[in-house]
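The chain below stands alone and is given as structure tokens, in the form predicted on its own.
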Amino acid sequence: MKMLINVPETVVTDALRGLAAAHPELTVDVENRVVVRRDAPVEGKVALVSGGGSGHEPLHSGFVGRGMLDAACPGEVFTSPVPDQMARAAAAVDSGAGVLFVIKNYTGDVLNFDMAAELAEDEGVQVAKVIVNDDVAVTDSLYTAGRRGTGGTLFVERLAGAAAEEGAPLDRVAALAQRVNDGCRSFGVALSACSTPAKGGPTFDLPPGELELGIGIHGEPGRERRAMMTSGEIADAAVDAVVTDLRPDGPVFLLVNGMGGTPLLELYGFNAEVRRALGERGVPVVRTLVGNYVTSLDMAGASVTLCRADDELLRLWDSPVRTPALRWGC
């Protein structure tokens, strides 16, 4: 398997060096693996800190900046960052208004962020937490107790980040983050396995002509394996799964997310089918994102995330955001 790397052992370090070179608006501590917005801490502002295993870029480091995260902690590929990273990030961005940890529901992430919160609070940092668990495909998967955190993480980080940017206090930012999470549902499909640098090949066997419905972002098994389907058939399956669980009674935000190895030509075509499927089910969409945002290395496939929208959340969504991977209004 050909990969554009030096050696597997330095993949994350090399990526962080490249991130720093491309984005001077960020402070990148390569040695300690902490990415911080350069103007942090922002006086009087609640800070958002997230993180997780590398391999899901631009999540999370690509979402550091105005209107989203104040800091991110990248771990090794598909491996949680360690508590010291998270505590160091919290200390770097805390202005005295407190810190919200945004945690995807994977066992290692949850345990390590819990320990980091204790370390930070011992140093006088007030910490609140939200656990993102938006994946409807399976419960109690290989890495989780409960539902996995996937594409809904983007909506939590963006909308809670926008509220924090406006000066909302910690309790309100945390409550809004929880409300957004509660209104998010996701479903993913793999057309191929991903290949990790350490292994140098596919992480699981997916024969030609088959796909996996309900895949996790680490290549975890989904609901079922089927013969290859058309874009429209996949859209119907994903939308059915999400809408049946979420039961939206109003407008939604839509994320049509690539898993890392699917070109935009195909993702935009898939978006057309997702919008058709939502229209047939009477679900209005107020904003749409199409692209690779929560990925799984080089996996071919896509995920669909819906997030309930209202006037407040729409205003927050449209407010200025400036990060490496998401930016408008500034």
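The structure displayed is predicted, hence computed values, not measured ones. One rule holds for the numbers: they count along the sequence shown, beginning at 1.
There is another form of the same protein, the form predicted in complex with another copy of the chain; it is not shown, and what comes next is about it.
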Worksheet entry | Heavy atom within 4.5 Å of another copy of the chain in the predicted bound form - the one residue of Pro221, Gly260, Pro251, Pro202 that qualifies | Gly260
Worksheet item: Does the trio Gly44, Leu255 and Asp310 actually contact another copy of the chain in the predicted bound form, every residue with a heavy atom within 4.5 Å?
Response: no
Worksheet item: Going by heavy atoms within 4.5 Å, which of 146-154, 231-239, 130-138, 114-122 lines up against another copy of the chain in the predicted bound form?
Response: 231-239
Item to complete: Indicate whether Leu213 is a 4.5 Å heavy atom neighbour of another copy of the chain in the predicted bound form.
Response: no
Worksheet item: Looking at the partner-bound form in the predicted bound form, is Pro284 within 4.5 Å of another copy of the chain by any heavy atom?
Response: no
Fill in: in the predicted bound form, Gly279 touching another copy of the chain (heavy atom, 4.5 Å)
no
Worksheet item: Is there any non-hydrogen atom of Leu191 lying within 4.5 Å of another copy of the chain in the predicted bound form?
Response: yes
Discussion item. With the partner left out here, which residues of 2-18 have a non-hydrogen atom within 4.5 Å of another copy of the chain in the predicted bound form?
Written reply: Lys2, Met3, Leu4, Ile5, Asn6, Val11, Asp14, Ala15, Arg17, Gly18
